[in-house]
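Quick setup: one chain, the form predicted on its own, written in structure tokens, and binding and motion questions come after.
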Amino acid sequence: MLTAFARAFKTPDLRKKLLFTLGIMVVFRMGAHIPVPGVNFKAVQACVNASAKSGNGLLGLVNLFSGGALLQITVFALGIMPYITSSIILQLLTVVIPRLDALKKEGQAGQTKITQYTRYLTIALAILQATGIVATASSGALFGSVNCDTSQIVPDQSIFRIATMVITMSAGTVVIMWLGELITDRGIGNGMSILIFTSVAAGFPSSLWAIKVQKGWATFAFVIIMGLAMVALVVFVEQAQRRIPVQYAKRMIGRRAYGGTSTYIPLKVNQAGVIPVIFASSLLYIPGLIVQLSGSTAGWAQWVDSNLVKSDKPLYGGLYFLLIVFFAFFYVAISFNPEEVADNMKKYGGFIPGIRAGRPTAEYLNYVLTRITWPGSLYLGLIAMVPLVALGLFGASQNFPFGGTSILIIVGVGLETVKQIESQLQQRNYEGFLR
């Protein structure tokens, strides 16, 4: 693998792409450390340290995707989360809005319009989320019930200062979106995925060192070994797929014969990727966010705070697991349409050996997809429960780096990027990474 890296850097055009991608990643991390105008940086750091010690933090998923920039209230505080949310919303709307479904089927021109709609929605969501973050930071609810002076985070709460903070954070999201598209066009891999990878990986060194400081070398070594085992498991499952054979009949067009080839439909065990974990985490943050913003001390608020905010509670863990399984089936159902695949196969003369074309093929694909989604969803749920187990073993789940969302993103993006570099090396008759 190191030899392949050396050969990649020896190729001029591939070296330029790799260096360009690394440069954008450095710029992205620099923006995650520039405070928003109007924020008291010392007060923020005091609250961040107190939050880390207490294990609190309401907006943990967004903070993960921003590489820790959210709780520090920097220019890139929102990270890539608004773009992810808008992409998911557009995917869901494609199923229910015929106009978007028609655009999706138009090929590159339709995809360009959908991408433009995603950008507009990203800007709207960025403004909305920036307003919410500034409001929670001003009221002190951003860090939850931590022992720090939250009143000094935003000393000047005038309308002009608040508007400046919202505009700056929204502009930061637009810049991140632009950086991601630059990587996609001129670098290696998918730009948005690379930026997410950078954000998540940025927290690994500090989290591992915190475990060493708090628990010693023995626990540190155990965490490293368990992390490597989890990476191996995730790589194995992410690469696993069920290949359904497809045979295409020969067709005579003029004097030429077309078709007669054999191929397959690859159905991944984890067809939904990390989306179910994101959906479940976001949904479970809503009750706690409502309690924090309302400031209510009623019975229902205390029950929510005791059972649905603290991740060490059995009810929280059970709901988290069930939501992941549900959203895994839900996302697979909207992202893979067996009827559409069967119709396309029938249109071009394809069939599955032993299965009649048309409706029987769609039923067979649906049957196979349901069977392989079950182990995929259970695998996602178990991987996502690792931080909750770590909470009991090490005392603070946010100091455990090998969490479900983190490890899935890092392994998934890493595998995809390595495959792209490998394909470019093979085009130049070089030996790739995967042998």
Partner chain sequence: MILGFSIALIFFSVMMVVLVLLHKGKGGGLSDMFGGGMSSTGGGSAVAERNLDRITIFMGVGWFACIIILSLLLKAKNG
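Quantities reported herein were computed from a predicted structural model and do not represent experimental measurements. Each form is matched to the other, and the largest set of C-alpha atoms that superpose within 1.5 Å is called the rigid core. Residue numbers count along the first chain shown, from 1.
The form predicted in complex with the partner chain exists for this protein as well; it is not shown, and the discussion that follows is about that form.
- Contact check for Tyr331: a non-hydrogen atom falls within 4.5 Å of the partner chain in the predicted complex.
- When the partner chain is considered in the predicted complex, Pro155 lines it closely, a heavy atom lying within 4.5 Å.
- Using a 4.5 angstroms limit between non-hydrogen atoms, Gly172 touches the partner chain in the predicted complex.
- Of the heavy atoms in Thr164, some are within 4.5 Å of the partner chain in the predicted complex.
- Think of it this way: in the predicted complex, the partner chain has a heavy atom of just one of Thr263, Gln241, Ser282, Gln111 within 4.5 Å, and the residue is Gln111.
- In terms of contact with the partner chain in the predicted complex, the residue from Glu363, Asp343, Glu181, Glu106 that brings a heavy atom within 4.5 Å is Glu181.
- Partner proximity in the predicted complex, defined as non-hydrogen atoms within 4.5 angstroms of the partner chain, places exactly one of 317-325, 202-210, 267-275, 128-136 at the interface: 267-275.
- If you take 333-351 and check each residue for a heavy atom within 4.5 Å of the partner chain in the predicted complex, you get nothing at all.
- Once the cores line up, the CA of Pro205 ends up less than 2 angstroms apart between the shown form and the other one.
- Shown in the overlay between the shown form and the other one, fitted on the rigid core, is a CA shift at Gly107 of 2 Å or greater.
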